[in-house]
Structure formats: structure tokens, C-alpha cells
Ligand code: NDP
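Next up: a single chain in C-alpha cells, the form predicted on its own.
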Amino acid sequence: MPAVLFHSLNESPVEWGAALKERIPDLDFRVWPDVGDPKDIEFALLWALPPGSLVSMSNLRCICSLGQGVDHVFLDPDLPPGAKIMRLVDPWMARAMSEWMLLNILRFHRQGLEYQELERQRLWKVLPAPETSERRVGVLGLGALGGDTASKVAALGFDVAGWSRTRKLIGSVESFHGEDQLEAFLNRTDILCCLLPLTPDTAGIIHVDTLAALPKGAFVINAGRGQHVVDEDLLAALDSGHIAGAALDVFHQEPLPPEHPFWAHPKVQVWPHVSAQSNADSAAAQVTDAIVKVFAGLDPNNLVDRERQY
């Protein structure tokens, strides 16, 4: 049987190997860097494999990202041209992301930063109660994660809109799409949630101009990729008071260096890329299906467009 190669910075090869072999008992499961004969590898299940590592795998048919994002795959300039690229689309991950987004949306909406400061000062003070229907939440990216988040936020009574490359129809969510409608989307957004894929077109999308297009006192929540944010522009907007707070789960460099200003900024909450981790128990069935199809010469589900990179 052809072999499957596994690599991840955070995921357990023991858990993934056990979950896949439970479904394919005779699976040849190899863990980087113990590749063996690279010509045996026909399926790669990976996250952030060092660029150039796949070039010798001449029979590689499919690269499966250990997550929804595939930007880490495209960092390799020597991807085997014949290999299809797929991503995980796992309901467990969608639920986890929506939970994390709701946690931070509600924290900002219910004046968590203000009450935290009052607590620090030991002041007993009641602030005017916010009105949910008047708080406008905007979700950048309406894919599997963004669409689920937008629907759940709308179900709580928030005024929700989404922005995507093409128009998406999601109940109770106003749809904006294309570059021409981005500014209008930002103008009506009090809490901006970024769940975009990282592509050459979306890198740096949260910058000085897009931040200025948000209403004064808006909040920024990013669980897409760190490269979506121009750090210096966000820090300047926070220091000026135009942006009231930020919750960030992804960064240009991970782990975030101890000297980075985000760590010490009173309006920023730093999370260690935990908003929606992959889960072997929930995703193994999907990966097994993909392995069986690929070994049979068929295309797996959730393939990525190489040109668009998502």
C-alpha cells in the first residue's frame, strides 16, 4: 500500500496515527522526518512542513492541510505539480471557532474591557446597558468558519453583515462582496471579525485605511492569519482611540516574541492560536475518505484552487 506522511508543529502523530489506522488497519503511516523511500509517499497530511521537503516525493498525489487554512502549503515554492491540495472542513472546528468568536464579541459588547479597568481600580460603577440589536458585527470571510460564526452571532440578535469575494446568501446576514463594497461594509461595522483565508489578495487587508473606515470605537477580532493585519497600523489606531480594543489569535510570527508590543498593550488580548484547533477524533473520518479516494485514483473532497490559493 502507498504511504501517508504526517507532519505538524502541534498535533500528535500518535493520536492521528491511531485514529487513521482504526479505519485503515494496514495503513503505512510515516511521521516526518522518518520518510523512508520518498517515492512511497502518495498522501501528505501536514501543517507547516519546511519548504522544499516534498520535492523528492515524485508520486505524491495529494497534500491535505491539517486545518482550514492552506497558506502554509503555498509557502513551499517546490510543490510537486501533480499533487492536489485539500483542506479540512470539520464541523468540530467550525463550532470551536464560533465559540471563540462569540466569547470575544460578547466580551467587547458587554463592556468587558471597561469593567476590567473598573475592577482594577476597585470601583463599583454600573455602566449603561448595551443594546444588542444596535451593535453591528461584521465578518470578513464567509466560508465554512465565517458563515457559521455569522449565523450564530445573528441568532443572538446582533445586526450582522459579512464580506466575501463573491456574494453569499446566509439567513439574517447582510451580504457585501467584492472590493467595491468593502468600504461600505467597514463603515457599518462596530465589531470586525476576520476569518478570511490568507492569499496574496487578502494579506495586509486590515491596515491604516480599512481601520479608519471603521466607526470610532470599533473593535477588531482576528482569527484568520497574522498576515491579515498590519501590526503598526493597528497599534496606532488603538493608541489614537479610534479602535477601542482587539482580540488576536494569530500573528506574523508564532509564538509571538516576548518583546512584541501586543503583549503589553492594555487594549489587546493575545491568544496562542487556539481558536479552532484540529481534532483527530472528529476529522479522521474525512481524512480516511480522502486517503481511500486518492489511493483509488479519485479526487478527494474540499480541493483548493492553486491559483486562488483557497
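Numbering starts at 1 and runs along the sequence shown. Keep in mind that this is a model prediction, so the values were computed, not measured.
Keep in mind that the form predicted together with the named molecule is missing from the display, and what follows is about it.
Just one of 268-276, 239-247, 54-62, 35-43 has residues with a heavy atom within 4.5 Å of the named molecule in the predicted complex, so point it out. Checking each option against the 4.5 Å cut-off leaves 268-276.
Wondering, does G141 line up within 4.5 Å of the named molecule in the predicted complex on heavy atoms? Output for G141 is yes: heavy atoms within 4.5 Å of the named molecule.
Wondering, does Q116 line up within 4.5 Å of the named molecule in the predicted complex on heavy atoms? Result no; Q116 lies far from the named molecule in the predicted complex.
Could you tell me if R87 has a non-hydrogen atom within 4.5 Å of the named molecule in the predicted complex? Yes, R87 lies within 4.5 Å of the named molecule in the predicted complex.
Though only this chain appears here, would S164 touch the named molecule in the predicted complex if you measure heavy atom gaps against 4.5 Å? Yes.
State the residue from V229, L145, V220, V137 whose non-hydrogen atoms include one within 4.5 Å of the named molecule in the predicted complex. Selected option: L145.
Though the named molecule is not shown, can you say which of V73, L196, I206, L192 has a heavy atom within 4.5 Å of it in the predicted complex? Answer to the contact question: L196.
For the stretch 68-105, return the residues whose heavy atoms include at least one within 4.5 Å of the named molecule in the predicted complex, in the order they occur. Heavy-atom contacts within 4.5 Å come from Q68, G69, D71, R87, M93, M97.
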